[in-house]
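We begin with a single chain expressed as C-alpha cells, specifically the form predicted on its own.
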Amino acid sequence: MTGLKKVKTAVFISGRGSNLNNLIKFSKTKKSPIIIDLVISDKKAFGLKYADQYKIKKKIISFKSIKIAEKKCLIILKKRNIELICLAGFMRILSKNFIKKFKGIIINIHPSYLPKYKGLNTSLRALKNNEKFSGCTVHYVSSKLDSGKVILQKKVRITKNETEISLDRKIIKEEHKLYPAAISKILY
C-alpha cells in the first residue's frame, strides 16, 4: 500500500479510550492504512484527551435522541469524507438506518470470543460460567448487538485464580494487537 492515500477514519468512543490511543499510535506507523481524522463520543469521555493530545478533531454528540444524534454524525462524517468508522468502547447500538446511510465500513472491537457473551460484563459472565477461555473479536457492525460478520478473533486462556480485573487486562492487551491487524486485513 506504499504511496497510496490512507483511509480517513473516525473512532467512536464512550469511555477511557485505550483502544483509541492504540489506534492513533497505529495510524502513525508507516504500515498503517488509516489516518484518524475524527473522534466522536456520546459524552465527555476520558478518552477524548487522546484526541486533544494528537490534535485530532473531536465531537461530543448527545444520544438522548438517537435519530438526531445519528443525523448529526452522518453530516460530520460526510463533510470530513470519512470512509471507515472504528467503534472502540462506544456504548451505543447504531441503527439499521445509520448503518445503511453511512457509505463506508463500520467495525467494532468486542471483549469476548463471539458469539459468546455479547453485550456488557463479558469477563464477569465468562468467569461465572467457569469458561476455560474468553477473548476478543473484531467484527463488522450490524444493527444487532455484537452480531456482525467476524473479521478476526483471539482467544485468551482463563487461569485458575483469574479475576474480572486480571481477565480484562489480558483481553485489552490482545485487543490492542487485534484491532490494527483486523484493520490491515480489511484494507489491504
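Note that the coordinates shown come from a computational prediction; the quantities given were computed from them, not determined experimentally. From 1 onward, residues are counted along the sequence shown.
One more form of this protein, predicted together with a small molecule, exists but is not displayed; see below.
- Using a 4.5 angstroms threshold between heavy atoms, Leu77 stays clear of the small molecule in the predicted bound form.
- Though the partner is left out of this view, Ile107 does not reach within 4.5 Å of the small molecule in the predicted bound form, counting heavy atoms only.
- Using a 4.5 Å cutoff between non-hydrogen atoms, Pro180 does not count as a contact of the small molecule in the predicted bound form.
- In the predicted bound form, the small molecule sits beyond 4.5 Å of every heavy atom of Ile24.
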